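In the form predicted on its own, a lone chain appears below as structure tokens.
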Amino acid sequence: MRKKLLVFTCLVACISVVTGQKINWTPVAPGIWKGVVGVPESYDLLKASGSHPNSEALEKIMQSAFPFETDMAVGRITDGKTSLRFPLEKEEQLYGFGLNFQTVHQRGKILQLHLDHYGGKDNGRTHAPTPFYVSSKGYGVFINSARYINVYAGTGVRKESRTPAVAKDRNTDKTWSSRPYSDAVEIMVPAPGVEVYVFAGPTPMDAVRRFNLFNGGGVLPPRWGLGFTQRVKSLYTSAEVEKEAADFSEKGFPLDFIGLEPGWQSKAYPGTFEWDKNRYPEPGKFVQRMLDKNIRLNLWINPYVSKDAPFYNAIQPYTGSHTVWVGEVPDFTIPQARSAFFGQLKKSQADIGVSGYKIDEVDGYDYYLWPDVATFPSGISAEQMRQTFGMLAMRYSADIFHEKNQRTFGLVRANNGGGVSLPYVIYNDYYNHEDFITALINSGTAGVLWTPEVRASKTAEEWIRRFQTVIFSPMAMINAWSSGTKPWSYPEVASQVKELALLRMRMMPYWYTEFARYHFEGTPPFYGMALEEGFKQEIKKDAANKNLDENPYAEATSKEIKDQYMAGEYLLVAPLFTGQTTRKVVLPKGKWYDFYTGELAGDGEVITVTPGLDKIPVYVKDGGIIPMMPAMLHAPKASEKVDLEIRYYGTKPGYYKLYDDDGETFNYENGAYSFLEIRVTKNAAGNFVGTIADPVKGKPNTVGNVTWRFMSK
């Protein structure tokens, strides 16, 4: 009898291992549910990032039910690993799974989400392998694990599927496919348990908003962070930096912050994190002179500590078993390591007025970062440290500035799920322009910011095409650490480049408001067309049977759109690349207007444009309002008033909420901000009339004189 009981018990256990168990879901915020499988590890992405949900903002999003049948999500533990399965319908497309550079559609992919330098292939190894995906059905899923996660995004074909693939005879059936239909997203986490979160819609954008707000909301940079930045050559001296700033001013090019590369340190690779006394003999006075010119300084670091660093003895006991470039790797999960490392940054740099950091080489490659056999004194595995090291460096460096009540905005090579609110923009050494734009699109579903920086170009045409996209991105930057390139380095397009740089400055009220929406509402400031309302236009049932020349929209919307994107609430940006003179632009449903002229460009259709070399095609949706300011060489100072020109496009009633605060401090966290309503309507005579709300009493007010420009005739 006992033997029969053991056999029966084993049989039941084996069946549960094979089929898995239904996940129980607990609501944790409006439209967000948490599921637990097995015993999750104590260290995960959310703990590493230190993020906290913005509960007040989450309450404002439309309520929505759980997005799929709860018994369709299954988890199981096998061999100490956790597998997860989520449903996937036939017409469903997937977006996300991190910062991909070549693809937007992720259905049918097999990925390992592994923090690394991007190597030219979308295989999951990237600077932000965020384990979050969004469905075209209007929901999102986040796996809260700091492990290398294997993803099968609709590739495995299960025997017990509710909607099984149909076997076909390849000999006779021309519809046979080597990749039959799969009805599931399956995920393997190499740990004995994991937390999973589901984010409801009802739209894909709503799911993204919930994800961003659950992680604290997006970063709100200082106004100067949205100006123009130039990174100078590696071994520049303080005199050369000041000369660079003077050249920008003399030539009339805007400049808000300069990036100093490794030569600012006495030693680098590994670093001492102290000033080189030959190149920067009086760092405090130098920094102050730059601030007096309204120019901030951003310092390059990688967090690997030289034995010559002044705090080496203090941090050495709290470093890992392996080195990077013979530099010690701090275990930032330990308070003593943080105190030694970030204490040096505060004392030597932030306290004398340095405004931020570029955190380099926290991503990969495998041959220069620590191997997975490395150990760390906290007990955090090398794998988990690899997945979160960039977030830890961002988090605790940002704390320095938060304590000073001064916002920062910097650069980093690695981020992950949970790092939405950290004030850093991802960059890398990969330099394919087209792929840079695809990455900008995918940043919107990865919970990160990405800049398609400019370094150098082979021709003036390439230079201006790259510069055009920099202007419509989170950080307008030339990274000249190696080339020494300046905005005017290509004389034949120098005047056009200057106009672009000044346009960036003129649009600062719009950019600043869109980042405020990222912070307070969770809407990414840059995102792909899949998240834009009206993009998936209704197509007649017989459209598939028509010649595509008669219905180009049917073809366009069925393919990846990876070369055009939304910049804020109202702008559609469609870059051209070197060698192109014309391109097609897929306009979402509704009327769209040319940004520069206000003329009608199209109505939910595919258009072909020939903009010339000087312009990047940009379109404004009907009813769009774009607040602009005079072209300035530096961002407005804290609480400085600026005049506004409010542009209106189209024929529909216009509405926009203009954000305002002091532009530099964290006082907005205590309510020192406002959203001023802007409206455009027609009066009894049929003429457009614009109104802007009065400043809120007791709140910051940087709005000067207001003029109106109705662009569409």
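We number the residues from 1 along the sequence you see. These numbers come from a predicted model, not from an experiment.
Here the subject shifts to the form predicted together with beta-D-galactopyranose, a form of this protein not shown in this document.
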- Query: Among 161-169, 526-534, 567-575, 359-367, which stretch has residues whose heavy atoms lie within 4.5 Å of beta-D-galactopyranose in the predicted complex?
  - Reply: 359-367
- Task: Verify the contact flag for P262: yes if a non-hydrogen atom of it lies within 4.5 Å of a non-hydrogen atom of beta-D-galactopyranose in the predicted complex, no if not.
- Result: yes
- beta-D-galactopyranose contact at Y269 in the predicted complex, heavy atom, 4.5 Å: yes
- Query: So in the predicted complex, does any heavy atom of E434 sit within 4.5 Å of beta-D-galactopyranose?
  - Reply: no
- Do N479 and beta-D-galactopyranose share at least one heavy atom pair within 4.5 Å in the predicted complex? yes
- Which one of D429, E521, D399, E640 is close to beta-D-galactopyranose in the predicted complex, taking close to mean a heavy atom within 4.5 Å? D429
- Message: Just to confirm, with a 4.5 Å cut-off on non-hydrogen atoms, which of R413, R296, R147, R210 contacts beta-D-galactopyranose in the predicted complex?
- Response: R413
